[in-house]
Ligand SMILES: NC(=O)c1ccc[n+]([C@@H]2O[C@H](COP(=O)([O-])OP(=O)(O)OC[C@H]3O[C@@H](n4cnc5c(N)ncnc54)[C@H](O)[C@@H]3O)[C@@H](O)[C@H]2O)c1
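So this first bit is one chain, no partners, the form predicted on its own, shown in structure tokens.
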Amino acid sequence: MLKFGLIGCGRIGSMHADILHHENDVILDSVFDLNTNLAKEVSKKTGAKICNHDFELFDKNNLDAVLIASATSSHADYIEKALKNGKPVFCEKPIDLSLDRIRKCYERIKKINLPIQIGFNRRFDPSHAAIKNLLKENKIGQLNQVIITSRDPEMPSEDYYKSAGGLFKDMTIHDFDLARFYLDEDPVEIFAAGQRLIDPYMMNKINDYDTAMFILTCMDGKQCFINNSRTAVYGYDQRVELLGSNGMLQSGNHNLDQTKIYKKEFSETSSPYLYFFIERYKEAFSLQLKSFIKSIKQNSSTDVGFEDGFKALAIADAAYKSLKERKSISINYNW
């Protein structure tokens, strides 16, 4: 049985705790959160022991891995502590909001041969993964364009916006990773356009954006178009389209059920989309942890590693620079 420790018991941490609690051959042994009430809630549901200090979790000799779901500002520190204490680590995205901090983290851990996985869960979504496999099987010939639509059902709070890193580094970073996943190479250039259309007052106050579009270009000319919105009144909108020389592949939205209604007044009315990311990507969250557990057992590299986390943030940084300079920007992936 693999014994896990969990740092961070908020919404995403609590979800991870539930997955680990129901996973075969895994025990959620210990948890820590600065908010002791959150830690107590997870402990009550899973039977995990509560650590009074974060260092207690790293010092535990019986733990086989650490899952980091704490505030973004603590991720790099905890990654270093986990690996230096001989524990494989799964860390929620992003690794940090600063590329320089990620570079320093890499220098400190690069010689440690232990699995590390970053939480880009969308790669593991069955429908997203299925079109990737079909692409690899040459079902649509040469890939020319990737179109990613990602729209939240509602605006997050101002406090969340301030701590999470803004639209590009919090929300779109998933899409930047997904773009690399489908393009199967690193885009070399990006053009970004951002607007404050949904809540201009809050966006001006915190100097960020709630609506954005991006065009990424690869060395061989392949393109990726990403469109984001913080509010879609009809629900959580998650779609991917791959256009090739011989056809097209699509991964579409998920509804509460597959019922459709056809009447004289309207046609093909269906149930609402699954409300938000935990519901929509429930299976993907589970599959990514299964992948990480497999890497631990085999002491092998993970499907989404530290370099993937670095490169997604490099694209986000270039996107902000493009927006500021109002032109296409070359993406710098140098360590």
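From 1 onward, residues are counted along the sequence shown. The structure displayed is predicted, hence computed values, not measured ones.
Below, we turn to the form predicted in complex with the ligand, even though it does not appear here.
Residues of just one listed stretch (187-195, 251-259, 92-100, 211-219) have heavy atoms within 4.5 Å of the ligand in the predicted complex: 92-100. The shortest heavy atom separation between A69 and the ligand in the predicted complex is within 4.5 Å. Not displayed here, the ligand is approached by Y160 to within 4.5 Å at the level of heavy atoms in the predicted complex. Although the partner is absent here, R151 is not a contact residue: none of its heavy atoms lies within 4.5 angstroms of the ligand in the predicted complex.
The ligand in the predicted complex is approached by R11, whose closest heavy atom lies within 4.5 angstroms of it. Interface residue among I27, L38, L274, I50, judged by heavy atoms within 4.5 Å of the ligand in the predicted complex: L38. Only one of K87, H174, R230, K132 comes within 4.5 Å of the ligand in the predicted complex through a heavy atom, and that residue is H174. Annotation: in the predicted complex, residues N144, L183 and S328 none come within 4.5 Å of the ligand through any heavy atom.
Contacts to the ligand in the predicted complex (heavy atom within 4.5 Å) from stretch 189-206: none.
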